[in-house]
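Below you will find one chain, with nothing else, as structure tokens; this is the form predicted on its own, and questions on how it binds or moves follow later.
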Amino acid sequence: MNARPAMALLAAVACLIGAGLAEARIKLVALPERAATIVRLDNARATLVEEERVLTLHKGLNKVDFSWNGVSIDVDSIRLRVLGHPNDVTLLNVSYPPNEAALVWEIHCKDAVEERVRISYLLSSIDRLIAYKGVADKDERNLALRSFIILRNFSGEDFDNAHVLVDYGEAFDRGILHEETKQLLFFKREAVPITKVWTFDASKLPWDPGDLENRNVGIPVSYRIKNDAASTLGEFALWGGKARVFQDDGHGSTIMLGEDVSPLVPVGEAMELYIGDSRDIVVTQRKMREQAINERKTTGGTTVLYDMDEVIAAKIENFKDTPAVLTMIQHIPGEWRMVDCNLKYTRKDASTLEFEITLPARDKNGPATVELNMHYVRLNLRGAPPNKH
């Protein structure tokens, strides 16, 4: 441990023999070295530190003074556990001297003993980030996936050697000093199957290229990775983190495709990594009908409630020489009822529909085309209809 102000377990104190010493708080300067240190990084907001020390305890009552300076410890989280002789060594109580970053444990021993104890606490300003690196093969079928943990220690405390645990991947033994940052590889998979998907969100992208003087609109493209056993994953949730994706260029090097930030991906769910926009798929979507129906009026003839009958038609064209998968997201606000839809969809929430559309490759006659027709009624809209047809 460095000499600068830092956390310090000051000592097991001498046995209290006389009544005059009973109220005294005795600090010794000998520092028991950590016998072992475990740093748990399961929670992104709080780091749990467990350290084991060997205390020299005397027969009778002992006081152990634990203090910390320049280190952000959650005082309420500090715990001491007796490991070696739990039947002979008893933790009686803990007190907190006023205006000090310290506490005092009173421990009773049947006999003099060297006792191993475990002290645990939550420590601030030591945390971790997760980063991913993926390299797709030239055919974009598999991805070599690497996950790195980036340790950052600004806690004020040095850890010369610690057993670092996360909730998945391999644990590792590393020291990390105050104001030090380390990046460590903690899990890798060589060939994770990927699906290249295009995503058209009707609330974000233009509907009709004709309104843009027929300028083609780029559609976001992502690699989809399923967190399951078939993908050599699925043992645990994948933490969220920044991901950089590359592709083998077929000449012994790689090209960077994109950078994205992935959220936490539970087992069974999919991670989607954005790699850029593509103009190989064109979506032309139009509203074919918007008609107020079932108007409810007051006795004076004013419409106060109505339904809206709407029809959406979309043409999806694939100009690629290979099949493609388009995720199409549609939004219907408020209360609604589907009358007819020619494609299967998943209702993600009250107002969001998601279509997974597989597009064949183009052929000699031109692009492959799939059409979506969606007829629905929005219910119980208040006020007068904006227009009538």
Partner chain sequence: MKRILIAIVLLGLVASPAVAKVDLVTLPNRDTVQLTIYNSADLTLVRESRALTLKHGANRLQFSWANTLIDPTSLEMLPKANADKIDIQDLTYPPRVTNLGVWNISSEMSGKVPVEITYLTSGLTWRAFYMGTLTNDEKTMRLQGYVVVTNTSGEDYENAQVRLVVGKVHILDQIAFLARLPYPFGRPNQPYGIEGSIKVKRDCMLAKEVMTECDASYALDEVGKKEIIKEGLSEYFLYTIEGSDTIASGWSKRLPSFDVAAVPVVNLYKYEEERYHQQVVRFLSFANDVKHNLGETPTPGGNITVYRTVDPDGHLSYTGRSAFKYIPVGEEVELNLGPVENVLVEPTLMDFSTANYLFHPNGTIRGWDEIRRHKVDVKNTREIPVKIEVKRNFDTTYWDIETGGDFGAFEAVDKDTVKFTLELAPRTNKEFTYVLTTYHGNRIAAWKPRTADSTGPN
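Residue numbers count along the first chain shown, from 1. Only the largest set of C-alpha atoms that superpose within 1.5 Å between the two forms is called the rigid core. Quantities reported herein were computed from a predicted structural model and do not represent experimental measurements.
Absent from the display: the form predicted in complex with the partner chain. The rest refers to it.
With the partner chain omitted here, the record of contacts in the predicted bound form names 120 to 128 of 103 to 111, 120 to 128, 82 to 90, 232 to 240, defined by a heavy atom within 4.5 Å. The single contact residue among 196, 226, 116, 189, judged by any heavy atom lying within 4.5 Å of the partner chain in the predicted bound form, is 196. Proximity to the partner chain in the predicted bound form, defined as a heavy atom within 4.5 Å, singles out one entry of 75, 256, 264, 304, which is 256.
Here the marked residues 174, 246 and 292 all reach the partner chain in the predicted bound form, each with a heavy atom within 4.5 angstroms.
Taking the partner from elsewhere, residue 163 is found to have every heavy atom lying beyond 4.5 Å of the partner chain in the predicted bound form.
Contact check for residue 300: a heavy atom falls within 4.5 Å of the partner chain in the predicted bound form.
In the predicted bound form, the partner chain lies farther than 4.5 Å from every heavy atom of residue 203. At a distance threshold of 4.5 angstroms between non-hydrogen atoms, residue 320 is in contact with the partner chain in the predicted bound form. Heavy atoms closer than or equal to 4.5 Å to the partner chain in the predicted bound form belong, across 174 to 191, to the residues 174, 177, 178, 179, 180, 181, 182, 183, 184, ordered by sequence position.
Core-superposed comparison between the shown form and the other one: CA of residue 290 displaced by 2 Å or more. In the core-superposed comparison between the shown form and the other one, residue 48 has its Cα shifted by less than 2 Å.
The Cα position of residue 105 differs by less than 2 Å between the shown form and the other one after fitting on the rigid core.
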